[in-house]
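Next comes just one chain, in structure tokens: the form predicted on its own.
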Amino acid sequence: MAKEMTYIGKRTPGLDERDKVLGNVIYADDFTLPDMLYARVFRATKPSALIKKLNVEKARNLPGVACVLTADDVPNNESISNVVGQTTEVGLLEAKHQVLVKNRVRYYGEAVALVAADTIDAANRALELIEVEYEEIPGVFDPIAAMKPDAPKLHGNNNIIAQWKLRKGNIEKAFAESDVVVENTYRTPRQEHAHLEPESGVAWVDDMGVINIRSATQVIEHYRDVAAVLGIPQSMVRIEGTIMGGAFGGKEDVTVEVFLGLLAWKTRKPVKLTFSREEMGFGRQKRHPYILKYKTGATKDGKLTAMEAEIISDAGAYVYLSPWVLLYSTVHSTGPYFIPNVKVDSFSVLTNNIMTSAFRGFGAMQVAFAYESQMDELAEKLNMDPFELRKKNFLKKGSETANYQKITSDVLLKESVEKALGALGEKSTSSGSKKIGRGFACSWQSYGRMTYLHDTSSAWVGLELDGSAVVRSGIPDLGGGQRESLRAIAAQILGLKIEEVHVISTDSQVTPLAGTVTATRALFMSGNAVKLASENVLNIITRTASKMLKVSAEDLYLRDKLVYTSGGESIPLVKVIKECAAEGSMPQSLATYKAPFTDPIKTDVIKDPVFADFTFGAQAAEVEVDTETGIVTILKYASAQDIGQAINVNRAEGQIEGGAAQGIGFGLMEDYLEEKGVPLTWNLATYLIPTSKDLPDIQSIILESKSGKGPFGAKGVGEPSITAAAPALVSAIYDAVGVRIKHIPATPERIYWSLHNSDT
């Protein structure tokens, strides 16, 4: 390896930045093929009903319509299992996800039929000709009501599809001995991903009979789901990913892939399907809304003694990733604090609401709002500075969590708070009805998937005869610079200029499978895989060069396409590569990184390590609250995050800034509303997300402990950057006007009502 860090931790321009600015990127919906059909999805308009009659003949007979499919046309209509790999020993329900509704509709917007036509207008007209007759049946729309024995059941005999527990110490004794106890109920909303790019893709069958699907997805391994639905070998389905215009977990589950595979397989023509903004609003998953009941105790000198919590998540009509999201919530429910006595009961419950699944923050975000609000209330009751209270209880390296996991990396919480608060500078002055307040919040977040999944990621790295390098990895690029990181790692290790490294990514039949770009795992897993493969290539080069230069291989390093000895002697890299080729030992390597692993969880009480590592951070805000209207204006904002080691500083700062912006929306504006399962705020006219006018300049502060398990000591940043936003804002609002919002988003209406109603 080169002696100096040439690219790691630097500000490296991105491959796609210019094209994105100029509008030259070919996104999924921009791709076309000759003689291509256009697809639409016919969706249910009832949240809980039986289909008594479905007539698609008029649509099939419409000129220009090539295909109309119903559940009867799907070979394996229920072959996608939503149990997501969890063990049934902890009582999780295995609920099959129907591709198209067969008899029973479980949520508003559920797919009933597929149409493919010569033009999009013909496809839309065909949707209007489909006739459906419903028989409405009782539904359940509140997760607490859904837990009752007599509630209408969505699947099987139990609406509780996941339950996890934490048990540590003696909770009753600890509360009895506490000097101060704070008890509250908090609520967080269903949240829409609102990525700019809709779910989209094009599918075609090639001359070998392989179904090719080019789509915007976080998971190219969905080719297996397509094959399962069609009942064909997995080798006969190929998914090519695209550059994406946002995902945030919204493109983690199957979206258009199975529909496209079905239509291309049936018609033998290229087919495009792009969800409308309307479909994005109610035809796919959201963030889980939570009800969080917290009770926290402390001594008079500020040491936490006990925490008890009941956590209930609304899974919507299908299981999807709800068991995993709930598991994350349970493990993270204590916050980044050492609490000797803990009791947590968490439940994920089926309802006839729109389904919920992965979203940036993945369960750690909802509980952060609760545990940080509790810390602020404790500080007030103890008449103690909120930062001083937290410092007394911060986890440290070597601390034990409530599930008996030891923290193995550095914990820079104190530094994060100091940096975030310091970045706000001098406090602004209140004027009239406009009151100024400041607040902050801490958070912790795992990165990488659960350790009992035995996660792996593979990558291939090879040197060409001219000394340039190729990296092959299956991870998609969501816009966070995933390809940039892999390129920088290979360039650093092989001593190349970054433009001499080409990354080929996200093709299930061309690139080694790398797993999902989810769970803040891409850099951790694929970064380590590329590092391993690059080091293997380096070893091949130095082993051959050592014979040519008659020195030890350990005495060599690469830089600028030269192989150097410590004494300054060098030989061209190209010459060494040619010698490798002559010896039949090409400098290339396929490497697999295996994450730290544990045995599967066998009970609903979590007593073992669940994640490989954690990262820690803080966010701080200064707000202006107008007491006459409840309107909040953010004046200053800072986010500090320990990311272990920045690979590309530009991209890392972008992730921190983007996470904060999305978290601000969660905390202040975004409220996805349903009335008995019928969506009310499904478009961007009624569902408000932050625009540039709603946001201040967000200061992104990178801390580097170099203690992570990623390449060069990196930790994750994509999800952790969102987690502390909502509680930081609610803390600032309280500091400004003295009311604590316990049900977010903290809209002007909620703030005004809290200010002017003493009984709330």
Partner chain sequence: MDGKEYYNIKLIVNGKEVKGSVAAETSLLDFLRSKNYIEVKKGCDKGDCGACTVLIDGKATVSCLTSAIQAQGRKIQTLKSLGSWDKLDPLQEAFVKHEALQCGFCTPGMLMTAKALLDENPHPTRDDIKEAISGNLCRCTGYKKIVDAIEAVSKGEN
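Residue numbers count along the first chain shown, from 1. On a predicted model such as this, the values are computed, not experimentally measured, just so you know.
If you look for the form predicted in complex with the partner chain, you will not find it shown, but the lines that follow are about it.
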{"query": "Touches the partner chain in the predicted complex: residue 75 (any heavy atom, 4.5 Å)", "finding": "no"}
{"query": "Partner proximity in the predicted complex: residue 689 to the partner chain, non-hydrogen atom cutoff 4.5 Å", "finding": "yes"}
{"query": "Contact flag, residue 33 vs the partner chain in the predicted complex, heavy atom cut 4.5 Å", "finding": "no"}
{"query": "Residue contact check: residue 194 to the partner chain in the predicted complex, 4.5 Å heavy atom", "finding": "yes"}
{"query": "Among the candidates 478, 576, 115, 344, the residue which, in the predicted complex, approaches the partner chain to within 4.5 Å (heavy atoms)", "finding": "478"}
{"query": "The single option of 463, 413, 213, 244 touching the partner chain in the predicted complex, heavy atom within 4.5 Å", "finding": "244"}
{"query": "Segment that reaches the partner chain in the predicted complex - one of 513-521, 534-542, 244-252, 151-159, heavy atoms within 4.5 Å", "finding": "244-252"}
{"query": "Within 651-666, the residues that have a heavy atom no more than 4.5 Å from the partner chain in the predicted complex", "finding": "651, 653, 654, 655, 657, 658, 661, 662"}
